[in-house]
Ligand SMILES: Cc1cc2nc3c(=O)[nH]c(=O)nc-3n(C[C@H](O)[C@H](O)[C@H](O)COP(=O)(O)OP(=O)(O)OC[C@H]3O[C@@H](n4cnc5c(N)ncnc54)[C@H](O)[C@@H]3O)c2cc1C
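This document opens with one chain alone, in structure tokens, the form predicted on its own.
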Amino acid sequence: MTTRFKIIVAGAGPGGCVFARDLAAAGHEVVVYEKGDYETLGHNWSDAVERIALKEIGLDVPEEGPVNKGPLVKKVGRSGKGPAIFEEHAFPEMDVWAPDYSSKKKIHFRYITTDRRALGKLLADQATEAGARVEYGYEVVKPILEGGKTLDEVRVTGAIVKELASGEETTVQADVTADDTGFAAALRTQLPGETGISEKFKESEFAMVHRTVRQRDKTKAIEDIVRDHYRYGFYTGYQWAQELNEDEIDVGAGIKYKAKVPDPQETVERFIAKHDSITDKVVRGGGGLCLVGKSPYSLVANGLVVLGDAASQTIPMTGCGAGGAMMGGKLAAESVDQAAEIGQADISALWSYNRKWFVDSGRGANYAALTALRNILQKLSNFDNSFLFRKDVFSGDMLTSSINGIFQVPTLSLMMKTGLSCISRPDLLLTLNKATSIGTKLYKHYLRYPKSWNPRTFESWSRKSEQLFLKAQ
């Protein structure tokens, strides 16, 4: 028989809501504590979310085609009412341009543009309908810790929860506590340093992003054509334009945090200034920090699981995190429910979540390799990146894989092609060889993630991981 666990979730992000929904549906007592309110769940902009992740959590995703159709697709003038979460358009094929627009590749874009605020509400509703309790205006301020200081010894037995309106704090006991508090990782970072998984994310693990959805002047759009595209490798990051429908366009950019280049908002404004059809009327938008760093080496401790941005479940090459967070919530829920079957919530019982994320799903291994690749390639200039586009070193296949969150292990023929293409640029060839070599080593190393919890095995694996990441700095 399955033991009925009591579970608390800190944060109602995509990962936390899917986690709560699935465990409540399995018969567990689940309470979600969210600082904000229902109306402001999620970012106030459209975002590219992986189709496969949306399907995996059970949503009715439109098939790829010239136009998205279905009950969850937004209609012009609907103003976000109802369950409509997907934009009307679809672009299974996307143009990716070099920074100087001298060359382009066509990639298979396996995302769908989604209204993140509408998605946030839908997932919260699903969690509530499954039986979870979602409490708004409450902040989980600290975990309740017992035992020693190492990952093997420390145990999370609940959390201190604050009602923001009154400031009153309450101790809430739980069998399992989930940290879905965003990149602040408010619970995980309060574990003892000796656990090896409590470190805060570094500045180098962030990007700065700005995006705006603008109204278009349809009379001018006939002459001023703006095609859906990405400009990749541009000022350490990327810039994009996506036509959401005949009335609206999404324009944005992302760069490395604190990079000595034009900030993303300036880049966006420059692009808009070149197109008369894009008006000054802002429909929605925003920006700020975006996490693109590596995950902690374990996403579980005794009585604790870590989800979403708190676990850095984001695609390093794009910063897209909703899909990874939802998959993390789904996989963590499966492991917690399995742990409940034996009536235990210790690290050994929860360890399968690590294996599911890092190995079985392939996400953890791919994201780790892409993180190393990004860290090294970010040092290339616009001129270098444009050169690699023209030489087809940055090919359509390679860009399709990396933008969709998959590390492409280089073949012998690919390495020979790269060598011949870059024979006039030995410095560039050296950088590329370093990036692919370390990326491949990390990918294979993560596929050897420990199958079960053993402190010595995990310490050895973590030490090797750190050595490889340091080489990618």
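The first residue of the sequence shown is number 1, and the count goes up from there. Since the model is a prediction, treat every value here as computed from it, not as a measurement.
The same protein also exists as the form predicted together with the ligand; that form is not shown, yet it is the one meant from here on.
- A heavy atom within 4.5 Å of the ligand in the predicted complex is found for exactly one of T181, T236, N366, T177: T181.
- Contact with the ligand in the predicted complex, defined as a heavy atom within 4.5 Å, holds for exactly one of R284, R116, K105, K391, namely R116.
- From the list 346-354, 330-338, 196-204, 209-217, the contact stretch for the ligand in the predicted complex under a 4.5 Å heavy atom rule is 209-217.
- In the predicted complex, the ligand sits within 4.5 Å of a heavy atom belonging to A12.
- Under a 4.5 angstroms non-hydrogen atom cutoff, the ligand in the predicted complex has E139 among its neighbouring residues.
- Proximity of G288 to the ligand in the predicted complex: non-hydrogen atoms within 4.5 Å are present.
- Using a 4.5 angstroms threshold between heavy atoms, G321 counts as touching the ligand in the predicted complex.
- Within 4.5 Å of the ligand in the predicted complex, a heavy atom is found for all three of A186, L307 and T314.
- Heavy atoms closer than or equal to 4.5 Å to the ligand in the predicted complex belong, across 24-38, to the residues Y33, E34, K35, G36, ordered by sequence position.
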